[in-house]
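As structure tokens, one chain now follows by itself in the form predicted on its own.
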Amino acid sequence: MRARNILGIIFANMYDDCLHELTALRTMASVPFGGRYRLIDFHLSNMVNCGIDKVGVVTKGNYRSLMDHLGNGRPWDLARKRDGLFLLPPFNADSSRSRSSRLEALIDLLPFIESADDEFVILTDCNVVCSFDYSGLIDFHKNTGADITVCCKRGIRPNLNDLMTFETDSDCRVTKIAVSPKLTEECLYSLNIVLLRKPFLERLIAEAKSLNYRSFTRDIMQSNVEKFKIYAYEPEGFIRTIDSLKSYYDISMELLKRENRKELFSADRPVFTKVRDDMPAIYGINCKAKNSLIADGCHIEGEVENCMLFRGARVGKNAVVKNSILMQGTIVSEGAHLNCVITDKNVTVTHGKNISGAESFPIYISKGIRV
């Protein structure tokens, strides 16, 4: 089914701390990923692909690059006279505090939510890389008669604060919720993609405000597991959660496998992003490029293997780059050698430098640094 009666809300800053290297100057939502995308692109695309045409992006700080990326929402067909894309800043007229939690943000957003004439609301963070059809989630929610439906995945729990794990019965109804348990075995953990009816969410927010609740997961979800009908929905497809720089690196490297790219970037569910026209990548006469994703505007004269290069990256003569991620505008000068390195935007590695990390501990070079 199409979802034109659903309001989408995306939290841009949740879990910034887990990827502090890349979020020091940007939000989690605007972290570059996959050679040409930002993390928010996957969630915006999931929404618009199933017909959601009103999306609010909740911000807290460092959102200048996010504003530049989103613009008026045109790449996602959200540049509209009615509804469309809304950037929701960290303060409103009735609040003198910065939002420090999901629940505080929702309390501040209550007027925005009440102004929508939609029947349902989808809440999502940006640290999950995924592409799946929300229509299945919506149908599941309606067919089960759920009060709250949470998207989940079975596996090793990511190392994130306030992350829920679930136990369910045979009908997928949640019977027990644990918050940040110390688990080493596989479990059913939350992807923080939540669907519920708008009037129900409004009532929850109003109660939370009056009772001075602080945590959405503990005070609303965990405390009411027996009272509310909470269901767990397990979507299919390429779904990965970022909880550290290491996981960001590992998930990026997974895209070098064709089957993973095919699963994430399906022709039926395109991932939209801001278009930046550039010339095709240029490959020098004696260059070598193997098993790498190389974006438009790159210039390769040396050797590149098992790498991801964003737009405008340059690899000089006799330079060797392996198992690395080079973000936009990175320059690897002649004779330099990089292995297991993540460079942020506009990094320059000068002549003859040798920088090597390990797959278990990639080295990160901050934005604009000259090595």
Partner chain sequence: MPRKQECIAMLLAGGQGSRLGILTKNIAKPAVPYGGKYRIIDFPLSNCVNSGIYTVGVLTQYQPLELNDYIGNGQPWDLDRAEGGVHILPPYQQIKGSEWYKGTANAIYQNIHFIDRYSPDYVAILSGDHIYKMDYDKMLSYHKEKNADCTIACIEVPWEEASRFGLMFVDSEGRITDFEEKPKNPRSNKASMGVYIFTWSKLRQYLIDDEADPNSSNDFGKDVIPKMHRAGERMYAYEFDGYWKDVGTIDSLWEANLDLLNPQINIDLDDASWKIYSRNAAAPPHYISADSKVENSLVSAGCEIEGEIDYSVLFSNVTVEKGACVKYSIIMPGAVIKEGAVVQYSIVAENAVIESGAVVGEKPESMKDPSAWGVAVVGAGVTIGKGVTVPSKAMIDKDMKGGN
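On a predicted model such as this, the values are computed, not experimentally measured, just so you know. Numbering follows the first chain given and starts at 1.
Beyond what is shown, the protein has a form predicted in complex with its partner chain; the following relates to that form.
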Quiz item: Which of 291, 135, 143, 223 has a heavy atom within 4.5 Å of its partner chain in the predicted bound form?
Solution: 291
Quiz item: Of the residues 322, 60, 69, 36, which one places a heavy atom within 4.5 Å of its partner chain in the predicted bound form?
Solution: 36
Exercise. Heavy atoms, 4.5 Å, its partner chain in the predicted bound form: which of 114-122, 279-287, 127-135, 215-223 makes the cut? Say which one.
Key: 279-287
Practice problem: Would you check, heavy atoms only and a 4.5 Å threshold, whether residue 296 touches its partner chain in the predicted bound form? | Solution: yes
Quiz item: Would residue 229 sit within 4.5 Å of its partner chain in the predicted bound form, counting heavy atoms only?
Solution: no
Self-check item: is_contact(residue 275, its partner chain) in the predicted bound form, heavy atom dist at most 4.5 Å
Solution: yes
Quiz prompt | is_contact(residue 256, its partner chain) in the predicted bound form, heavy atom dist at most 4.5 Å | solution = yes
Quiz item: Of 247-270, which residues get within 4.5 Å of its partner chain in the predicted bound form if you count heavy atoms?
Solution: 256, 258, 261, 265, 270
